[in-house]
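Before any questions on how it binds or moves, here is one chain, the form predicted alone, in structure tokens.
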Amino acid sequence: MSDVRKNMDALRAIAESPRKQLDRVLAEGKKAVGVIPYFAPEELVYAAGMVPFGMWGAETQVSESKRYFPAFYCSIIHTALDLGIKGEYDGLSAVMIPLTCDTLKGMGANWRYGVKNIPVIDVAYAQNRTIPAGEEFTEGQFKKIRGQVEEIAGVKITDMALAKANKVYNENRKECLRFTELAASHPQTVSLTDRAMVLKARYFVERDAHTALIKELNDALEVLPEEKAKGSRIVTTGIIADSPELLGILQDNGFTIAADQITHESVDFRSLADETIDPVMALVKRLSGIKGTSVLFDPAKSRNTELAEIAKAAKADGVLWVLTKFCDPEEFDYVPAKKILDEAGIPMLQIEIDQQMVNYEQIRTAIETFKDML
């Protein structure tokens, strides 16, 4: 048990101190590149000997970013830009900005104007990413980005280095997936906040270092006897669900996260890169294979069918839809998801969160009601 707590505390400390992790990287003489959501080819950064640094915003009140975005824009991007303008990301050699939604399409220009000391690498990939023409376009974009990363790093990214990066990231994805399964079977030992912080830590530290810590944690959890959940088992779905306040409310009401379909969590590591093909094309194919998120084009809304399958496989009692406020793609997906889950007999609650929230009492009431209903 002591090994479990030690490793969880170490990973929590990383997740709760992003700036400290960046300062450490810079003090070691390494370069770091910021990575804005979603699904940027950060393996190229790793292969160049630099450190990818996740930028998922923070729970904070924004001020400066309101001069660039309307107040009703996504809080993840709002807070990331606000932190950048205020100097919280100073020291980064560049920032990768994918163009996956309307807010992000304006982020590059706003960042260039508001944060002049950190250059932008635009990350474009085909909307129809699964068809041959789409994959060809995305491959061309990734090769272009490869050249930009090489220029920043001052080194050539060899195919061998990129293949190694793909392998390192795959190993991390496998251990993260293993952890979610172990956390679900040990709900007394791994709190919901512990679970979120262990997964979040991978965005702020070198992936091989995160793998070493989470593998040691998994090995320690695996020898412990399985534990019975105190209350209902749920599947969470949405963009991000790392709010300590939200997770504390769920914990207070005895909920266990049996599995998730969160873009910030399992959606990011469920799809692996093919280590047997050209390493750039492996990144393209991995992107093609990512499912379960509203931020990638999914005309068939297969995300919702997958959600029902995940809930059934996890033997979940219900689904919690964690809606990021003002996210249109998430709102569009909710209606077909509700229909599919109703047909499958799986109850679902939708709640709305924002990284600038200060009052969670309505959410608490909704979750308490959902608990009683289940």
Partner chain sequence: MADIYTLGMDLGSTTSKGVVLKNGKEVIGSSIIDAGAGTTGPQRAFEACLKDAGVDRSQISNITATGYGRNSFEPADLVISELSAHALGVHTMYPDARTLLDIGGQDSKVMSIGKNGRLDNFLMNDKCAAGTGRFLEVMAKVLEVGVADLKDLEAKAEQTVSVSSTCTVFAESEVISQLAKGADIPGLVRGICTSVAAKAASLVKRLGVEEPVYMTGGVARNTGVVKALERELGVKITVSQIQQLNGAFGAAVYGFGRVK
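Note that the structure is a prediction, hence the values are computed from the model and not measured. Residue numbers count along the first chain shown, from 1.
There is also a form predicted in complex with its partner chain; it is not shown, and the following applies to it.
S.K.: Could you tell me which of 343-351, 63-71, 307-315, 37-45 sits within 4.5 Å of its partner chain in the predicted bound form, going by non-hydrogen atoms?
M.R.: Single hit among the candidates: 343-351.
S.K.: Answer for S17 alone: is it within 4.5 Å of its partner chain in the predicted bound form, judged on heavy atom distances?
M.R.: No, no contact at 4.5 Å.
S.K.: Contact between R364 and its partner chain in the predicted bound form at 4.5 Å, heavy atoms?
M.R.: Yes, R364 is a contact residue.
S.K.: I'd like to check something about D3: if you look in the predicted bound form, is any of its heavy atoms closer than or equal to 4.5 Å to a heavy atom of its partner chain?
M.R.: It does not: once its partner chain is placed as it appears in the predicted bound form, D3 has no heavy atom within 4.5 Å of it.
S.K.: Please run the contact check for K338 against its partner chain in the predicted bound form: heavy atoms, 4.5 angstroms, yes or no?
M.R.: Yes, K338 lies within 4.5 Å of its partner chain in the predicted bound form.
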